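First comes one chain, alone, set out as structure tokens in the form predicted on its own.
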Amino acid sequence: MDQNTKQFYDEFWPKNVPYYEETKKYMQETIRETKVNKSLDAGCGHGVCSVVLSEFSEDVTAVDISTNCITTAKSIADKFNRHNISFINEDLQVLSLPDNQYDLVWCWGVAMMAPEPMKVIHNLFRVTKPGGVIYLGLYLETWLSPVHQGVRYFCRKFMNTPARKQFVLNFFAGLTKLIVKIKGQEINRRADNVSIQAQVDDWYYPPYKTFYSIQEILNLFEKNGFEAEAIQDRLGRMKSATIFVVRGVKK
């Protein structure tokens, strides 16, 4: 099991659970299916997405590498009285679920955080039923991606004590507020996120992060027997720091 990622998300998601209503609204706008038998929340984290999936799926499997996330996700499911979710503590890179099992696979902002993202993605391909669908959200590669990676390396290497990390989070939050004030804009915090600091933490401090072009992911889907389309582009706060979503249907 990837212990570095596990350690980061053991701490991050339990204290940064996103807003349920905003998460649900986004997923309803994104997912085209209205009723399925079996869904997989691949990298369930806080568990809010698992709860949303459980509302239109007969059965949901929620998988995450973090034991603390699984505990948090179970508590969220209990809070909403959802009993059709099964939780598995497992690394998506070595996913043990059987082939061709799921009608819908949801993996939003997860695969690119693994040391070997392609292992994750190919496991998602494997467990999807023929006729089933994958929703995959990944970081978009831009000309500024190397800069982001450099800042992330610096933060993890030199600013990773509790006090220094808090300074970084507050610095970027303050800088964001100052910039939008000068521009006369509102802070473009993602609607489901609890704070700017949480967004900064999840952007600069994860142990691994990989960026992709939309076309290479579309090609990957097609080479593995899927019909694929990019259904969302540039969902992030800035054009240089954004996620795109590909929807793929297994032939």
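Just so it is clear, the structure is predicted and the values come from calculations on it, not from any experiment. Numbering starts at 1 and follows the sequence shown.
From this point on, the text means the form predicted in complex with a small molecule, which you will not see here.
Q: Between Gln93, Gln149, Thr71, Thr176, only one gets a heavy atom within 4.5 angstroms of the small molecule in the predicted bound form; which residue is that?
A: None of the other options qualify; the answer is Gln93.
Q: Going by heavy atom distances of 4.5 angstroms or less, which of Ser57, Thr61, Gln199, Ser66 would be at the interface with the small molecule in the predicted bound form?
A: Spelling it out, the residue with a heavy atom inside the cut-off is Ser66.
Q: Within a 4.5 Å heavy atom cut-off, is Trp108 in contact with the small molecule in the predicted bound form?
A: Output for Trp108 is yes: heavy atoms within 4.5 Å of the small molecule.
Q: Can you work out whether Ile121 and the small molecule are in contact in the predicted bound form, taking contact to mean some heavy atom pair no more than 4.5 Å apart?
A: Looking in the predicted bound form, residue contacts with the small molecule do not include Ile121, since no heavy atom lies within 4.5 Å.
Q: Consider Val168 of the chain shown here, and say whether it contacts the small molecule in the predicted bound form, taking contact as heavy atoms within 4.5 Å.
A: No, no contact at 4.5 Å.
Q: Could you tell me if Met113 has a non-hydrogen atom within 4.5 Å of the small molecule in the predicted bound form?
A: Close contact exists here: in the predicted bound form, Met113 approaches the small molecule to within 4.5 Å, heavy atoms only.
Q: From the candidate stretches 126-134, 84-92, 159-167, 71-79, select the single one in contact with the small molecule in the predicted bound form, where contact means a heavy atom within 4.5 Å.
A: Every other range fails; the passing one is 84-92.
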